[in-house]
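Consider the single chain below, provided in structure tokens and representing the form predicted alone.
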Amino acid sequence: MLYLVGLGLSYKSDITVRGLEAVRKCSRVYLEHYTSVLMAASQEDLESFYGKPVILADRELVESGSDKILTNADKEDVAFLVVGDPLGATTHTDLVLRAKRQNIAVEIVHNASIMNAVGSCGLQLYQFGQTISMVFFTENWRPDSWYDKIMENRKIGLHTLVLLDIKVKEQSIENLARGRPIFEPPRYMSVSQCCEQLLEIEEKRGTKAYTPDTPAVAVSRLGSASQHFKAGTIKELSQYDAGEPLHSLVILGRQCHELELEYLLEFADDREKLRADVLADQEYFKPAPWVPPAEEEDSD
């Protein structure tokens, strides 16, 4: 059996009871270590808690060396641990499909993830549209395909969850080209850098999927003891220090319910300004009033 087990957001004890029972009976335990990290638990903490070794699985192992993970999984129990929920990333779905093609039984143990815990910022999950990922820009690579998804969300009034890039066990282009197994220090995108990139692409596109005055919510260390939220405009948050990682961002949609707004005001430095910014933003993409079609004149 292959078990895909969600670990939750922060602590070693965030794992479910069913997930812990599965892990403790497995002969091998892998920890996916590139889409996110468990903020309040180290590899050693997990090994002590589970009572067995934990193998770190980087992107290369999961995407290119999955056969190693699946070796003998038809004869023994293997656990693949994922921070958050197991199906939060496409590569994990691919691992499930690979296992099924080899007639390996799969059991998925779900857990809390950023996708549902983001409701802690006060915005209703029913009002979220497509989620996007913001990657680190480089000198020669500044992708902006996510812009169209924000535009689509905003046109129908929905909020956009922005997941911020992390770089763990990544090689520089030079070391990669030279085949040197030298890895860069871990990097975690901040809210301010994300907002700067948002503003850069809006200036480039110029079609106002959002503006510097569009309200947003900075989400810091969600699920940990130091989780924090800050509501402001994209421009204001581009100058905001959100502290230690991990960070996320939510761009508000036009349809911000009064209850959502009241909740958000708790996270604003200037409550009246935020209220005014949200009300002003609701005019963007506001549907035109319905006008009944003109009745055709009787020809008789």
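Each residue number is its position in the shown sequence, starting from 1. Owing to the predicted nature of the structure, the values given are computational and were not obtained by experimental measurement.
Another form exists, predicted in complex with a further copy of the same chain; not displayed. Remarks below refer to it.
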Among 139-147, 208-216, 107-115, 189-197, which stretch has residues whose heavy atoms lie within 4.5 Å of a further copy of the same chain in the predicted bound form? 107-115
Note: exactly one of I201, V78, L163, I166 sits with a heavy atom within 4.5 Å of a further copy of the same chain in the predicted bound form, namely L163
Closest heavy atom of A99 to a further copy of the same chain in the predicted bound form, within 4.5 Å or not? no
Using a 4.5 angstroms cut-off on non-hydrogen atoms, would F49 count as touching a further copy of the same chain in the predicted bound form? yes
Taking a further copy of the same chain as it sits in the predicted bound form, is K25 near enough to touch it, meaning that at least one heavy atom pair lies within 4.5 angstroms? no
Look up in the predicted bound form whether T71 has a non-hydrogen atom within 4.5 angstroms of a further copy of the same chain, and give yes or no. no
a further copy of the same chain in the predicted bound form - contacting residues of 212-245, heavy atom within 4.5 Å: G223
